[in-house]
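This document starts with one chain, in the form predicted on its own, laid out as structure tokens.
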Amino acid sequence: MKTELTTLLNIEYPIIQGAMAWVSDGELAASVSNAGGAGTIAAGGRTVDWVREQIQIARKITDKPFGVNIMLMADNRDEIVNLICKEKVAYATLGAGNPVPYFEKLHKATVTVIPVVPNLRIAKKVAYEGADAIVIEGMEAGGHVGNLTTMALMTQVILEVDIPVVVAGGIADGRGLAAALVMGAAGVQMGTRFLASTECNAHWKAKNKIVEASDIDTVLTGFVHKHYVRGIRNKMTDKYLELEKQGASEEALGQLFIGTNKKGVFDGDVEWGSIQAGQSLTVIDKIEPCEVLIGKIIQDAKKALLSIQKYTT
């Protein structure tokens, strides 16, 4: 399946694995890349040494392209960028801050630059400044999100920029990939779908929480202070929302939330930890190897694309 994204990253299928804190490591990234997609190591909250180790692990498992996500709010972002440039990984996705100051350095190191953006204004800005592609992420996604839906972003952004657009947020199967391609996207980014994969090192309780979830089992926290985070509803999110209604301070809410991501997906505390996940959950009904997942996604996407041809006559 050839698109602008597969050409840009030299991959077989137009699928990027989203960077999920604590679980998007070298093993998962390499497994996705070996299956024909583009695997991504999540550097957020991690040390430079850890990221270096994961790059080395990935290179032992695959000779295919993979990337690293840079969380621009992190204190060690400059050191992470330096490492990526030194290691010359295939691409970097950048989010949670202004990515433009890093474009020149990454390009000089032949690293493909793919910012993650929440709206049209920022999409135009990064495209003008020289981004190679962008990820537009709708609020259906898991984790930190904006306030525009995936459909609204596709409708408005794809027509307005002249670089490849990758769609994220609620994309969990082949029909979602097909829909994005029909809208003019170059590919998709999926996170939650790969959280429930065999090669993902998330705790089995967190994986099962995803598989067992219904379509209404995610909630958004952070309305009061506009730090929106989507995850599976549990005791922690109920307590958080209760405190928000009571007018709790940002500091008090932060004390409840801090460390919960690791507690949820890594330690397996699925009640008081955070299981960040997107809204398209019911199609994730089993834990399977990345090769099987991607194979089915591509098969279903092709089937969906063929099925709509009847409307062109």
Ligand SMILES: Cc1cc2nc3c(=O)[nH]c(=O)nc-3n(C[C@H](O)[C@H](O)[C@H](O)COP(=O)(O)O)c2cc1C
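This structure is a prediction, so every number in the text was calculated from the model and none was measured. Residue numbers here begin at 1 and follow the sequence given.
The same protein has a further form, the form predicted in complex with the named molecule, not shown here; the description that follows concerns it.
- Shown here without its partner, the chain carries A168, I171 and G278, all of which come within 4.5 Å of the named molecule in the predicted complex through at least one heavy atom.
- M71 is the sole member of I158, A178, L241, M71 with a non-hydrogen atom within 4.5 Å of the named molecule in the predicted complex.
- Checking I297, A19, C290, L9 for any heavy atom within 4.5 Å of the named molecule in the predicted complex turns up a single hit: A19.
- Although the partner is absent from this view, E140 contacts the named molecule in the predicted complex, with a non-hydrogen atom inside 4.5 angstroms.
- Put simply, V23 is close to the named molecule in the predicted complex: some heavy atom of it is within 4.5 Å.
- Although the partner is absent here, T221 sits far enough away that none of its heavy atoms falls within 4.5 Å of the named molecule in the predicted complex.
- The named molecule is not shown here, and in the predicted complex it never comes within 4.5 Å of any heavy atom of T237.
- The chain is drawn here without the named molecule; in the predicted complex, the stretch among 213-221, 83-91, 183-191, 98-106 whose residues come within 4.5 Å of it by any heavy atom is 183-191.
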